[in-house]
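The chain below stands alone and is given in structure tokens; this is the form predicted alone.
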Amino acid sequence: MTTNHTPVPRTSSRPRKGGWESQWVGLLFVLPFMIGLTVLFIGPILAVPIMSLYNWVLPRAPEWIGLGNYARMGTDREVLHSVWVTVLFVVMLVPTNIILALGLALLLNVKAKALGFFRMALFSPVVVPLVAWALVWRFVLQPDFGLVNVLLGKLGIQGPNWLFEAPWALIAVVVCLVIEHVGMNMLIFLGALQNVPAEVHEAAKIDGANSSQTFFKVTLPLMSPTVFLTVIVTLIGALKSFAPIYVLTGGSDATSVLMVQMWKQGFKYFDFGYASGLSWLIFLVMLTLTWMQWQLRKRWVFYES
């Protein structure tokens, strides 16, 4: 017995959706975001290298000078001073932050009472707005009535002008930023420490390794990808620090890093062409340092070898 099946026509395309399910409605919702992203983010990024080729000091019209702004940086004492201050700032901030965060993570990676309280206390500055944090430190470090100098005065010590006197101003900024950010790096290192297999530590003990050898030859190499990432992120964060430095010291000469110098040229002297050149210089410095670390990763990152 045979049966005849009537062929069912197949539709070649999906039915079109209308109303709120239309793709045009979706595009309409994301349109304000795309306009804002283009005007406020992508547009300025593309405009900066072009503006750096002009001598543009308000209210005068822009004048083409080619690489003149970059040549000017090589002889500008203010910029050369800012480069030196930036190097000191990064050298003081990044190693201090990384070493302190790693030490705190090791201390908190044990079984003890009130461990949650200490972790929360060390992490709590991270959630405080950076400007508010800097304002508190500005009052604490005031030369006349600040808490630090008042306490030093009770000990018979005359405290320095922490916010404007070199080298104390730069040290004060570094201490303020380290305390504010060390909790985040500590938390990242703590997670990496807890991911190191216990069997590896037990094998090291069986082989006769002491605590120091276990840390430097077993634990630290296994944590090296996390350390590598944290160093890069902290370095980039240090190079683009501006708000806390400006709030604390007003961008004084003692703390005039490249970001502060760029702000001075752009919004104090209204030299937008030169400020654009400085911003491009900062970007190239960040890119070069990140590239160098990336090239060196095979030497000190465990999983890359």
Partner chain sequence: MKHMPMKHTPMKPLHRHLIMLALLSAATASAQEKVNLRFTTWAGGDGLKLLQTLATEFGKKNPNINVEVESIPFASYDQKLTVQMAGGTSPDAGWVAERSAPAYMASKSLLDLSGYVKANSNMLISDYAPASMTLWKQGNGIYGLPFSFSPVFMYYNKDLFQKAGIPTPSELLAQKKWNYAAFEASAAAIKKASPNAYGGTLLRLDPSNWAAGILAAMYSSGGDIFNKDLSTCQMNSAGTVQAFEMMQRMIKDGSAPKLGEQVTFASGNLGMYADQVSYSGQLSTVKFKWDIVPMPSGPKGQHTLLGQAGYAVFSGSKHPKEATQFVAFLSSAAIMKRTAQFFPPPRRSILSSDTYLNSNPLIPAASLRAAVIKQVSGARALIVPANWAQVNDVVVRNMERIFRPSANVKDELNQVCSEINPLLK
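This one's a predicted model, so the numbers in the text were calculated from it and none came from an experiment. Positions refer to the first chain, counted from 1. Between two forms, the rigid core is the largest collection of C-alphas that superpose within 1.5 Å.
Another form, the form predicted together with its partner chain, is not on view; read the next lines as being about it.
Note on the interface: of 114-122, 92-100, 154-162, 206-214, the segment with non-hydrogen atoms within 4.5 angstroms of its partner chain in the predicted complex is 154-162. Although the partner is absent here, Phe41 is not a contact residue: none of its heavy atoms lies within 4.5 angstroms of its partner chain in the predicted complex. At the 4.5 Å threshold, heavy atoms of Asp144 reach its partner chain in the predicted complex.
Although the partner is absent here, Leu46 sits far enough away that none of its heavy atoms falls within 4.5 Å of its partner chain in the predicted complex. Contact check for Ile50: every heavy atom lies farther than 4.5 Å from its partner chain in the predicted complex. Taking a 4.5 Å heavy atom cutoff to its partner chain in the predicted complex, the contacting residues in 35-67 are Leu58, Pro59, Arg60.
Once both forms are overlaid on the rigid core, the distance between the two CA positions of Trp24 between the shown form and the other one is 2 angstroms or more.
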